[in-house]
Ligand SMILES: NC(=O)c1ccc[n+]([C@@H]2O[C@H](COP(=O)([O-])OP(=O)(O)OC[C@H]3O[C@@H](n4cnc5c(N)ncnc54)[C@H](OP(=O)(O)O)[C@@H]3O)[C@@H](O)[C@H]2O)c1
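Read the single chain below, which is given as structure tokens and is the form predicted on its own.
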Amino acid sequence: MTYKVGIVGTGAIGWRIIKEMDEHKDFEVAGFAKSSTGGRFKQLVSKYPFYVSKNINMEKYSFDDMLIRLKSRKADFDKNNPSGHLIDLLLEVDIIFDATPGKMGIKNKLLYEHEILNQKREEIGLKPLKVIYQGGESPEVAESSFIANPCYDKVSNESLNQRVVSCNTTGMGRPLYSLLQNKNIPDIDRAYNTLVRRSIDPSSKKGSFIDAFKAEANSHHGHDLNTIYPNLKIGTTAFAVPMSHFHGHSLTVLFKDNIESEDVEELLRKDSRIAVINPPGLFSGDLFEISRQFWNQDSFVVAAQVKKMCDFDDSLEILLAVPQESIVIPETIDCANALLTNKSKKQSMDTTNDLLEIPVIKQQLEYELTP
């Protein structure tokens, strides 16, 4: 069965979702919705149906008001031959990927779940609309938060929505899954993570830091990770620095007994979406250059280097490089599979990995960055 998908928002995440959904045999891109002609609009509208959206507070306006405003807004885009407005798209698809800027998804949720919309869907033979939100939204936007490995089997076809967590939370969540679920290594006592975040996306025109950094103690990332691992004791500090590609992490894990770095390396290497590397020093420029050379800048995997914390026998430092523009794309595809299909977790992750050529990426990174 082929499922129809719609994408609302075409920023760094949205246009990548469109691209990968277009190549996925189980999904068909019915169209994308956008409120402006900026960004990648011209590139996308030449290939995919376009629907007009409008930022609106559904708590203030009725469904009919929304319909009127969208129809009025549509007239502004007639020269671009829109296929309709957002509500038309919502009455055509099985699932919506909401990739709008943070805090807009929670407003759109009022429309996606509106009683009149779902009555109309039922009248034309469609099931209730499924929605995937992104990590810029608060956890309350969806039934639960999602990273493929720890969460896939908790999602059923009865679920209506999920929130794929942010790039940084995904970057921390992947290696921690391997450590938390393996019984051959000591239990984790607690973890602490320092993030060095890129201050701005490469395509942003908003400006960035030039000679400054921004720091935040007890940042939201640790609290967000607790939506995936509620029993994990973890704290995070975040720095934003003048760069645009990759986030850097220093994840310190304290175990309840002695631990060997080689055991953790072996464990992480088994994760299909972690590249275990061992360069003299982790340099994000190397990762970006390899990604640009082989995969047009998207690598999807988190690169990890495992080191002992001084001479402490019960702790390790795991340095992580997180490709912020692409790391959540495989999780988003798996999330759609979990909501719509009967694929097992392994079937979904294997299919997604093959679609994105992740096994080749992982192998190449490990080869290039391990002496």
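A residue's number is simply how far along the shown sequence it sits, counting from 1. Since we're looking at a predicted model, the values are computed, not measured.
Although not depicted, the form predicted in complex with the named molecule is the subject of the following passage.
> Does the 4.5 Å heavy atom contact test between residue 85 and the named molecule in the predicted complex come out positive?
Replying inline: Residue 85 lies outside the contact set for the named molecule.
> Is residue 135 close enough to touch the named molecule in the predicted complex, meaning at least one heavy atom pair within 4.5 Å?
Replying inline: Residue-level check for residue 135: yes, a contact with the named molecule.
> Does residue 46 reach the named molecule in the predicted complex, with heavy atoms at most 4.5 Å apart?
Replying inline: Result no; residue 46 lies far from the named molecule in the predicted complex.
> Closest heavy atom of residue 162 to the named molecule in the predicted complex, within 4.5 Å or not?
Replying inline: Heavy-atom contact with the named molecule at 4.5 Å: absent for residue 162.
> Looking at 30 to 38, 299 to 307, 313 to 321, 342 to 350, which lies within 4.5 angstroms of the named molecule in the predicted complex, counting heavy atoms?
Replying inline: In the other structure, the partner sits against 30 to 38.
>> For the named molecule, considered in the predicted complex: do all three of 147, 181 and 263 come within 4.5 Å of it, counting heavy atoms only?
In response: No, none of 147, 181 and 263 comes within 4.5 Å of the named molecule in the predicted complex.
>> To verify the annotation, which of these, 201, 143, 189, 216, has a non-hydrogen atom within 4.5 Å of the named molecule in the predicted complex?
In response: Checked against the cut-off, the match is 201.
> Of 308 to 345, which residues get within 4.5 Å of the named molecule in the predicted complex if you count heavy atoms?
Replying inline: The stretch 308 to 345, when checked against the named molecule in the predicted complex, contributes 324, 325, 328 at the 4.5 Å heavy-atom cut-off.
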